[in-house]
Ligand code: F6P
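Next up is one chain by itself, shown in structure tokens, the form predicted alone.
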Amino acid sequence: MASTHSAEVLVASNRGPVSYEVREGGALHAKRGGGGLVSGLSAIGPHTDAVWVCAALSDADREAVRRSHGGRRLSADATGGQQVRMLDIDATVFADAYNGVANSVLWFVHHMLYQTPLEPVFDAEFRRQWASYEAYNRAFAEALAEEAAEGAAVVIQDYHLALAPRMLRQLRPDLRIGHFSHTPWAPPDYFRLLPDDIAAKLLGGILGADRAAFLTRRWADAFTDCCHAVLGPGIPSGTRIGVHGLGADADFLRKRAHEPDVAERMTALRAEIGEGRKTIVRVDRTELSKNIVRGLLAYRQLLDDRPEWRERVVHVAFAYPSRQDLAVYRDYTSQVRRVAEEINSRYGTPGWTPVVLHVKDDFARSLAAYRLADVALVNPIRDGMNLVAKEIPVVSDEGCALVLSREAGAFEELGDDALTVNPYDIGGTASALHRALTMPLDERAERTKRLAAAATALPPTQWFLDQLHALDPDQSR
């Protein structure tokens, strides 16, 4: 397939740097996103022709594509100058690929979340959805092939697009292709829950890239182990394996955390917490892997085992809804609410609410909680990285003790200065919370300083640029 454009650098991801809403009168309003990819693409300089290929996620996004010239790149005025090619993939195909396969199968496999006596079930319906997943990946590969200049660098993101590198390689063998996984990677025994042919296609798809990269060495090794187990010894395509641990954006966070709206949220939170009380803070989306319910149960155990903490500590828990179009996520969000309400009903007094739970996403309020944290609780069952574990020590006003699951990718970098927990062990987590709450202030300050240094060692812009530079021909020698 010949190129019809001349992009030298391309990024492909399910979600792009802009989303749309239709306002009164049919006007489209663009909302620009942030994050490492956005800042990374900005950092390569205005003279490099760069294009971001993403999917239309809503009816408003699809309308924006229809209004763009020939369904190609969106108006740069609406994207903050970013060149964006948004794909209007058939809504049913998208739903099958995104919810049916990516989020209901691949996410569950890599996070090891199945209740295996009952699930997964790979039946005819799964095969129908898998065909949509292939079509979705093919749409990305074809768009990238059209947009890329000869020898361009293409960085494809995450499990949604595991097949795209191989498909793109077949269309454009001249391109330098990278794939980055933001999730954990399942060990071979769990990965092989997938049908054999599907497991081989997923691995073979990523192996179509020149380089496959991961957030930690643990996930990179698991991928290599799966290749050996499913495809045979060696990495047959010669794909290079890399690791890039995404860090917190310290400059942005510290500046944003001291803006007026954050100060307002701090005042409101202090009123909810009460004077002189310690705070245990967690900020998560209600993804099943985040382990919010066990975190609440550990806090309840703390109040049972250590009654001296009653009325002296508050658990500030922000659990922002995620993937509410899937019933299992709606049920989990309800369970989080129920356990929080039970704790407040059982232990609360007229002047003390043990759990301050918020479920409406509010970034300024999250930063306010970061600044107020005495203890940060990050206890995922399994997590590719977990940026919250890195962000809170960077922003905390007085320093905070970090209670961290050994199953978070961030543990690889932060484990030495965190209080480590087994995420399934309620009693062990309760004990760690007590140790964190009683940690001497000077020790807490020193640990926080080291945590913040480790957390910001590879900021988002550098994380992206390192992936890009690793695709340079000189790097492969």
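Numbering starts at 1 and follows the sequence shown. Quick caveat: nothing in here was measured; it's all calculated off a predicted structure.
Beyond what is shown, the protein has a form predicted in complex with this ligand; the following relates to that form.
Think of it this way: in the predicted complex, this ligand has a heavy atom of just one of 182, 176, 358, 371 within 4.5 Å, and the residue is 182. A heavy atom within 4.5 Å of this ligand in the predicted complex is found for exactly one of 239, 129, 83, 103: 103. Contact check for residue 158: a non-hydrogen atom falls within 4.5 Å of this ligand in the predicted complex. Under a 4.5 angstroms non-hydrogen atom cutoff, this ligand in the predicted complex lacks residue 469 among its neighbouring residues. This ligand in the predicted complex is approached by residue 107, whose closest heavy atom lies within 4.5 angstroms of it. Contact annotation for residue 382: none of its heavy atoms lies within 4.5 Å of this ligand in the predicted complex.
From the list 339-347, 295-303, 158-166, 249-257, the contact stretch for this ligand in the predicted complex under a 4.5 Å heavy atom rule is 158-166. Contact check for 278, 310 and 435: none of the three has a heavy atom within 4.5 Å of this ligand in the predicted complex.
For the stretch 275-307, the set of residues having any non-hydrogen atom within 4.5 angstroms of this ligand in the predicted complex comprises only 285.
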